[in-house]
Ligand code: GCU
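Single chain ahead, written as structure tokens, the form predicted on its own.
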Amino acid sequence: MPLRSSIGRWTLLIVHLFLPLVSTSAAPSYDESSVPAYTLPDVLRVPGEDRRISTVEDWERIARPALLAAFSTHVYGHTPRVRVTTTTSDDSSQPILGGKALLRQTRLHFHHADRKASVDLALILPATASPARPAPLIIGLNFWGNHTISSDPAFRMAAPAPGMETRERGSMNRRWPLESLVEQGYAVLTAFRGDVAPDNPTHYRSGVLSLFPDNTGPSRMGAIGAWSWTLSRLADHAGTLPEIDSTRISVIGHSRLGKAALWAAAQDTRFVRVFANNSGCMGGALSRREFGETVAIITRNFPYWFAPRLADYAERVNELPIDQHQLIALIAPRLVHIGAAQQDLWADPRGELLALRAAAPAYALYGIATELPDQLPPADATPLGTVLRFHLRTGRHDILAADWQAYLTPPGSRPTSRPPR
């Protein structure tokens, strides 16, 4: 490994570890006894109105649209509702994983007015998939380029994204257990977050956000909104592929991309399951707990992820008209599985479990009963729940094979050391 690359990686690691302590006005709290008293917004009450709904019809007709509008206005920004034309080019296919799968690489082009943007896709398709036997699909963005999810040289090297470092081939393959997924019959579709919106405050608008010059103002869409929008565009593309079962599309994301996966599933009902891994603040964790990363910390460190309006609530989070249990409720009646890590207090694992628990009334409208505890389960135990699911594993902030095993284990079963074939 070149010396410069090694130094750069260690520098980023040090920044990641210490940034929360030096770049914010207050250090994060990891003491459960210091969690302030709070009252969560009622999931079934229409935001901004003194009205509580009690039927699925009123949820879908009144409360759900109002909640989507509130999250758009105050948190993630308004998703542009414009027609974007999509074309493809540079298709190539070749067998990988010893012939168990086919790698299909495609460049997806977006056109809007006189503007263009492109994203490179990697589809890993089980060799058994066919129009007669279409495969279920898992869609997710990757952090450092399609070439990092596998050491196979068939994966094209990603072009450097503005303001982002590059990573070596196969450096993130621990996060993408492709062979195991293919053996279970899943197809995987991924793209590089840097193609979509570079994770950099100066350059994040150079990707798909460049398509929308009218995306301005205090409720403009930030990087998380752009990543979420693109997850839906990947679902559009998957719908054109006869080898994919478009009725069985799941979306997955880790950390900031877990936030994007939740927001994508809240808006797009084609995602029948969402797996949000270590998604934390403004993802799966309750904001009002102010445990670990907070609204004040995240809007100071990463303001470009969100609508600028979110920073208005940095020091008055209880005045935020929504909280993250309502984001989960927007996904009802579809499956939401939150994954947490025991040592990842920054992402507030208990706050994630409590958010799932507080979303239950929306699921009850659909006749789905949920029973989740208010205390964390033992690490590495059987995932809790059926449609609202939660697991806690040992270890730090990461997504590992154990997380994937938990996500894909049927409710009531214990994950095995190797996922079933």
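The structure displayed is predicted, hence computed values, not measured ones. One rule holds for the numbers: they count along the sequence shown, beginning at 1.
Heads up, the form predicted in complex with alpha-D-glucopyranuronic acid (GCU) isn't pictured, but that's what we're talking about next.
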Quiz prompt | in the model of the complex, the one of 346, 144, 186, 304 near alpha-D-glucopyranuronic acid (GCU) [non-hydrogen atom within 4.5 angstroms] | solution = 346
Practice problem: Counting non-hydrogen atoms within 4.5 angstroms of alpha-D-glucopyranuronic acid (GCU) in the model of the complex, say which of 196, 298, 310, 149 makes the cut. | Solution: 298
Exercise. Answer for residue 255 alone: is it within 4.5 Å of alpha-D-glucopyranuronic acid (GCU) in the model of the complex, judged on heavy atom distances?
Key: yes
Quiz item: Can residue 293 be called a contact residue for alpha-D-glucopyranuronic acid (GCU) in the model of the complex at 4.5 Å between heavy atoms?
Solution: yes
Exercise. Please name which of the stretches 329-337, 155-163, 108-116, 255-263 has residues with heavy atoms lying within 4.5 Å of alpha-D-glucopyranuronic acid (GCU) in the model of the complex.
Key: 255-263
